[in-house]
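The chain below stands alone, shown as structure tokens; this is the form predicted on its own.
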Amino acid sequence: MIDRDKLYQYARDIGVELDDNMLSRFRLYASELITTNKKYNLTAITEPDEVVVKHFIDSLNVLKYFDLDYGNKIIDIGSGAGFPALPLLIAKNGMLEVTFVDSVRKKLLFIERALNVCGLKGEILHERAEELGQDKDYRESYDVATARAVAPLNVLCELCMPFVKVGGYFIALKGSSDEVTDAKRAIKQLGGKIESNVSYKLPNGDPRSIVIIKKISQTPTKYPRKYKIISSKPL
């Protein structure tokens, strides 16, 4: 069982106010995560206090550095166990349109269960991002794309930025290493511009960073490429 008081205070410290309903949803989410992880390897982080800090607060830091509006249409690439988009959905009281994308079905089945127990809704897609990014129904149709530590930033940009509409944003949650320098060329080619690159520490002292990229022009239609090419010849 997670410590609700710690979650409340840590969230408040970064300017995020969680009411009782939100805290209850986080408790249900954590319980489902810890229980499911005994059967399937969703995450290496399952100790309750670490779930609060390394999953929930890490995800909620998006709201400290970015004004996410109610009603925003969000696509979460490589969702895994739902981070960061599901904590954001909880903190916005379900008032976001979220699409969760992952290539691993068991992770999406977990997200579906977590949404159900929390009384929330979201679109769940068992797809590869590089293929979905060429689908006209999804391409350049989102206000925000999010991803957390899925791949190097230059690779991540090619997977995520095609989904973002011009004027929208791609938000990458990364570890402590500065990957922006190596990604500048990719960001420019994909139609983006770095708006901010912020380093911070979690309550336990772990270093993190958030890179916020604004989409200023359309992504050329040749992107995203096949993943084998993206990974072997990154932009």
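In this text the structure is predicted, and so the values were computed from the model without any measurement. Note that residue numbering begins at 1 and tracks the sequence as displayed.
Heads up, the form predicted together with a small molecule isn't pictured, but that's what we're talking about next.
Triplet 78, 130 and 227 all within 4.5 Å of the small molecule in the predicted complex via a heavy atom: So, yes: the whole triplet contacts the small molecule.
By the heavy atom within 4.5 Å rule, which residue out of 124, 96, 118, 150 makes contact with the small molecule in the predicted complex? Exactly one listed residue reaches within 4.5 Å, namely 150.
Can you pick out, from 159, 164, 114, 89, the residue that has a heavy atom within 4.5 Å of the small molecule in the predicted complex? By the 4.5 Å criterion, the partner-contacting residue is 159.
Taking the shortest heavy atom distance, is residue 142 within 4.5 Å of the small molecule in the predicted complex? Looking in the predicted complex, residue contacts with the small molecule do not include residue 142, since no heavy atom lies within 4.5 Å.
Using 4.5 Å between non-hydrogen atoms, is residue 134 touching the small molecule in the predicted complex? Taking the distances in the predicted complex, the answer for residue 134 is no, it never comes within 4.5 Å of the small molecule.
Residue 110, heavy atom within 4.5 angstroms of the small molecule in the predicted complex: Taking the distances in the predicted complex, the answer for residue 110 is no, it never comes within 4.5 Å of the small molecule.
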